[in-house]
Structure formats: structure tokens, C-alpha cells
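Read on for two forms of one protein chain; each stands alone as C-alpha cells, with the labels structure 1 and structure 2.
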Structure 1
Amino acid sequence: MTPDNILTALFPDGHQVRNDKGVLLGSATRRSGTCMLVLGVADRTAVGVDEAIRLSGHVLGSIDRDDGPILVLVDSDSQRMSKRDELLGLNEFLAHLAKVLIYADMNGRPTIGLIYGHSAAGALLATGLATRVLVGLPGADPAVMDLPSMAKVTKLSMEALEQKANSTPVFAPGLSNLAQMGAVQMTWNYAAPLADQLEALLADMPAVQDLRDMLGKERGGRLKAAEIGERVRDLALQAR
């Protein structure tokens, strides 16, 4: 799927989203006639300092000016792995993008991530994983760590890793594994119009509360996180 196909399917009433070297910036018209801010990373582009600053600037520019929800489309590489990006403090740029998205979501601009292609590592943290609801489209292939790199680090064969991946969603790439962990809340399908699925989600947005650990527990992908977090929270509230 190209970003154009997806945008057209999401916004049959039109959109003004431009793809400039893999960075998507613009806005679109919802079925209701209201406006939705759109940003994202397309064409499997790596997210470096130059991409991140434009994305965060787009959101910040809209915060005082507009209202309504924000859509983040994701088909990226990992963070840009380069000397220049690290020299300039890539961690700050990626964190800043995530912070701006989280701030917007907490202040009346609900955020939805839509991963339709690839993403990984720091790029995923700064985009899709910094939204309130991350939605997957069929065919998306997020990978925190690809199996060949894992094989190299763990000194295990690809066969051994693939076998282990069958028994646990905890390390292997793929949309369904991230869904089981609670990272991807829902997967849409192409059988129904994407515009309808977007409106249905917007009409029934979950509360501004991070429930991904609870979701991971319900789905059996992360059995410990919610319980450990809750126990520490309780102990900390008692200790003050």
C-alpha cells in the first residue's frame, strides 16, 4: 500500500497531505467535515534529526491553531543510524517528537497511530508507540529487532530462533506479536472502508490512560508487566 492509497481510503472527502522525502505533513477532511491533522513517515524512510524536527514542528504549529484528533502514519525504517545524527543528539529529537505527541494527546488532541508498513526501534518509539491508540493494517511488519541481527548477537541459528518464536511473542518481529504484547490495540481490514473504521474508532476513543500493560496481560503476551507495575505503584504510594 502506498500512503496515497491509504489517505484516499481514509479520507474520501479529500486531504492535503504532502510526501516530502518520506515525511508526511498535512491535514485531511473527515466524514463529518471537520479537519484532522495528519503526519507520518512513508516509504520506509529512516527517522533522523531532520525528519523528527519537521514532524514535531507540524504538531506544535497545530496545537494553538486547531483542534481535533491527530493521525500518525507509519512506514519507516529504524532511526537513522549515522554519525551525524548521533553527533547532533538524535535521542533528544526523537524524544521531543514523542513528547509533543504525548502532550497533544493529554491536552484534547487524541492521537492515533496507523502502522501500514515497516518500523523499528527508536523510530517506532517516537511515532506509533507515542500515540494513544496504535492501529495495524494487514501486511504491516514492525520489527523491534530482526531475526538475522538477533541470531548474530545471541549466537543462535535462525532455525533455533524461529522455533523459539513459535512458542512466545516476546521477541520475534511482526504485527501479531506486537498486538499480543498490547502495543497494537487493533488491526483494521481492507474489507470495510478504512474511513468507516477510522470514524468508528474516533467515536469510541479509549480514555487518556496507558492500558497497554493490561491489554498485554489479557492477550497473554505480557503476563508480568501489569502486575509488577501495579505492585510497585502500591508499595510506592504506601512508602511516602
Structure 2
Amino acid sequence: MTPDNILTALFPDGHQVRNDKGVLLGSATRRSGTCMLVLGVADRTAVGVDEAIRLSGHVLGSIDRDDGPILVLVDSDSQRMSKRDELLGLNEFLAHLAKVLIYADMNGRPTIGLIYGHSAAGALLATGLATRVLVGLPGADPAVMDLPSMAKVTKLSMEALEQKANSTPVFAPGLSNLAQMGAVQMTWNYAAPLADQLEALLADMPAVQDLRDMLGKERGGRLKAAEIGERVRDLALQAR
């Protein structure tokens, strides 16, 4: 589905979201009549310093003005691989975007990520994975790192990585694997109205916490993260 189709399905009462060279910015009217801030990346656009600062500015500009939830739509490439972006400090811009979304969520603006296309690497970390809840749509194709890139970093052969990907979700791209790891909390479907599924999630948001590590353990995709995280937390409390 295109961003326009998805936005129309999510917000049948109307939206004011514009697509400017792959950057989505605007707001939309929920079924309840209240407003929801909307931002994101479309058309498999790479996220560079320009895109990151526009997205974070959209959120920061609404902090004192609005009080509703925030939706982040994601269909991106990875972070922009350019000398200009790297020299300008792309890692800091991506970190800033992630921290802005986390700050908003911690201060009464529940954040939901919705991945409907592709996304990978730093672009995924700074958008969908920086929200409290990441939802997938059928056909989405996320990847923390694709296998050719992973082969370059790990120095393992493609054959070895493909074998690992068949049995270990951490090595495998795709929506089902990220769901098994707990990164994607749920997958919506097109059989029911997207607007209804959005409202059902928003109704639960006060109780929904970031439980990616626990979900990964329950689903068999990340067996150690929850335990290690708990041990680190206990050690930190003991050292206070």
C-alpha cells in the first residue's frame, strides 16, 4: 500500500500529512476527534542529516503545543551512505532523532511506529525502534542489517550467514524474524479496518510498556537479552 492509502485507512476522518521528498510530516484526526502527530519516511528514502533533523524538529515543535500520541510511519532505505552526511556527524543526528522520540514518549506523548515497507540499520533504529511500540503491516521488509553487509562486518561467508539465518532470527531479515525477536510487537492485518486496530492499540497504550526483551524470550528469538538486562539492572541498583 502507498502512504496515502495507509493514512486514509488509518484516519478516515482526514489528515494533513504531506510527503516532501520522502519525508512525511503533519497531523491527522482520530476517530475520537482528537489530533495525532504524524511523521515518517516514505518511498524507501535514505535517512541522512537533513531528513533526521526535519523529523526531530517536527516532534520538538509539537512538545509544548500538542498533547496527543505520535505515529511514525516507516518505509526507508538505511541511513544515507555519503561522505557529506558522515562528515556532518550522521550518527549524532540519528541519535538525536531517537532521543527526541523517546523523550516525547516519556513525557506523555505515546509513540507508535508502523513499518509498512523496508527499513534497515540506523534508519530503523532511529525511527521505528525508537518508538514504544513497533507495529508491522503485511509485506513489510525490515532488517537490522542485510546479510551482505553482515558478511563484510563479521568476515563470515554468505553461506555461513544464510545457514545461521535459517535457525537464528538475529541473523535473519524480515518481519517475522523481527517479531520473533520482540522488536515488532504485533502485526496488523488488512482484514479489519486499520483505524480500528490503531484505536485499539491507543486504548491500551497507558498500560503498554517497552517489553521487547521479554517478548524476544517468550517468542524464542532472543533468549538471553531479558536475563542479561535484569542482571545489569540489579547490579546498577546495588551500586547506588
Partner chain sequence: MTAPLRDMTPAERARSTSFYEASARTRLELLLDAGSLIEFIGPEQREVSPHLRIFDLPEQFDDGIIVGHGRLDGSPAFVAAQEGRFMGGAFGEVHGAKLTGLLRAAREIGTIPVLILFDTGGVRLQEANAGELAIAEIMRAVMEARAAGVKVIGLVGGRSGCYGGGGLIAGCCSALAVSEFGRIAVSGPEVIETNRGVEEFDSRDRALVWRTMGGKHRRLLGAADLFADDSVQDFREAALELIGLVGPFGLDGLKAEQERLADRLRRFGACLDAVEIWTISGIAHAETIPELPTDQFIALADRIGRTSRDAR
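Please note that residue numbering is based on structure 1, beginning with 1 at the start of its sequence. Here the rigid core means the biggest group of C-alpha atoms that line up within 1.5 Å when the two forms are laid on top of each other. Since this is a predicted model, take the numbers as computed values, not measurements.
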Selected structure - the one that is the form predicted in complex with its partner chain: 1
CA of residue 150, rigid core aligned, shift of 2 Å or more between structure 1 and structure 2: yes
For residue 235, CA displacement between structure 1 and structure 2 after the core is overlaid, in Å: 3.1
